[in-house]
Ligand code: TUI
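The chain below stands alone, shown as structure tokens; this is the form predicted alone.
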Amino acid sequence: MFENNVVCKMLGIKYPIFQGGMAWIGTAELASAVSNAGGLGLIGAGHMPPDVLRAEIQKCKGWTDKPFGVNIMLMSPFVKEVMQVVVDEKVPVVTTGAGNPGEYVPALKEIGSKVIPVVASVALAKRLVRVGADAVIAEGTESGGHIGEITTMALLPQVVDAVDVPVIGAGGIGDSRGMAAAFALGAQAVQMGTRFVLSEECIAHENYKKMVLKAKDRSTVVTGRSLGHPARVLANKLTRKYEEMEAAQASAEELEKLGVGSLHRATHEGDVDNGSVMIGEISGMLNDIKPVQKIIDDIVGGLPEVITGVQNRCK
């Protein structure tokens, strides 16, 4: 299976499954586990200083001999230094978010890296293909963390129709059914973040994982719309305070201050009341924590049954 998949061939991976590049918890532990299991693991650079990222990359190289990547948030205050680290370390795959990576593409191509930006609109996908993207990740609003406004169901096929590079589907995908659906919409691969949060290798605090396990279908909310960078998180004391401040027309500075350090509080300190528990809408359908290898094996192994079921319902 997947011997002729264009993304697998391009990146040298066994399965067309990307792990989302999640800040603070997309570490070498998780990335190497996903790559060793046949997918593409991603270190989430987030706001990492360059020396911290270099250490994570070197750990990942020590734990896997398979391809892996780094996700770079272009809004990071360290973006130029982080890009230089990626070039120095010859990271094989770079995914990007929150901006246009165009100025960095020539240097990345020079070392043989594949550049795969995350996009939330057709217009952005077209623009980034023009500057040299090797593929794009079309991420719907169902995903956790920073999001766009269009659902995966609507966004993915429109991006597929608009560009001539492979498209990876993301947002709301966490099992064989989601992967099959993404492929039906034209994707050549899928990216999952939320499903990998509930893996044994993910370093997220036990409280974080427990809160995700308890989540229902309507447990997530979106904050930050008034600031222009909305994020999907689990509802808690922090989100209620945020909503109160937005309703009271608090300044952007006040709202930004409320969010500073909130993700780390949840992921590392375990304060899931006053921290930001970034997670996707599919959290309501996840009910177990298991090894990355088992997650990937179950999804890939379940595809034939899902596809057969579709064929039977179409008779």
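Just count from 1 along the sequence shown to find any residue number. Everything quoted here is computed from the prediction, not taken from an experiment.
This next part talks about the form predicted together with the ligand, which is not shown.
*May I ask whether 198, 213 and 234 all come within 4.5 angstroms of the ligand in the predicted bound form, judged by heavy atoms?*
So, no: the whole triplet misses the ligand.
*Contact residue in the predicted bound form, chosen from 98, 111, 184, 221 - any heavy atom within 4.5 Å of the ligand*: For this set of options, the contacting one is 98.
*Tell me, out of 120, 82, 168, 238, which residue has a non-hydrogen atom within 4.5 angstroms of the ligand in the predicted bound form.*
Flagged contact: 120.
*asked:* I'd like to know whether residue 177 contacts the ligand in the predicted bound form, with contact meaning heavy atoms within 4.5 angstroms.
replied: Residue 177 lies outside the contact set for the ligand.
*Is there a non-hydrogen atom of residue 300 within 4.5 angstroms of a non-hydrogen atom of the ligand in the predicted bound form?*
No - in the predicted bound form, heavy atoms of residue 300 and the ligand never come within 4.5 Å of each other.
_residue 145, heavy atom within 4.5 angstroms of the ligand in the predicted bound form_ = Yes, residue 145 lies within 4.5 Å of the ligand in the predicted bound form.
_I'd like to check something about residue 278: if you look in the predicted bound form, is any of its heavy atoms closer than or equal to 4.5 Å to a heavy atom of the ligand?_
Result yes; residue 278 sits at the interface with the ligand in the predicted bound form.
*Heavy atoms within 4.5 Å of the ligand in the predicted bound form: which stretch among 146 to 154, 213 to 221, 85 to 93, 102 to 110?*
Comparing against the ligand in the predicted bound form, the contact stretch is 146 to 154.
*Determine the residues of 21 to 52 with a heavy atom within 4.5 Å of the ligand in the predicted bound form and present them in sequence order; the list may be empty.*
The stretch 21 to 52, when checked against the ligand in the predicted bound form, contributes 23, 47 at the 4.5 Å heavy-atom cut-off.
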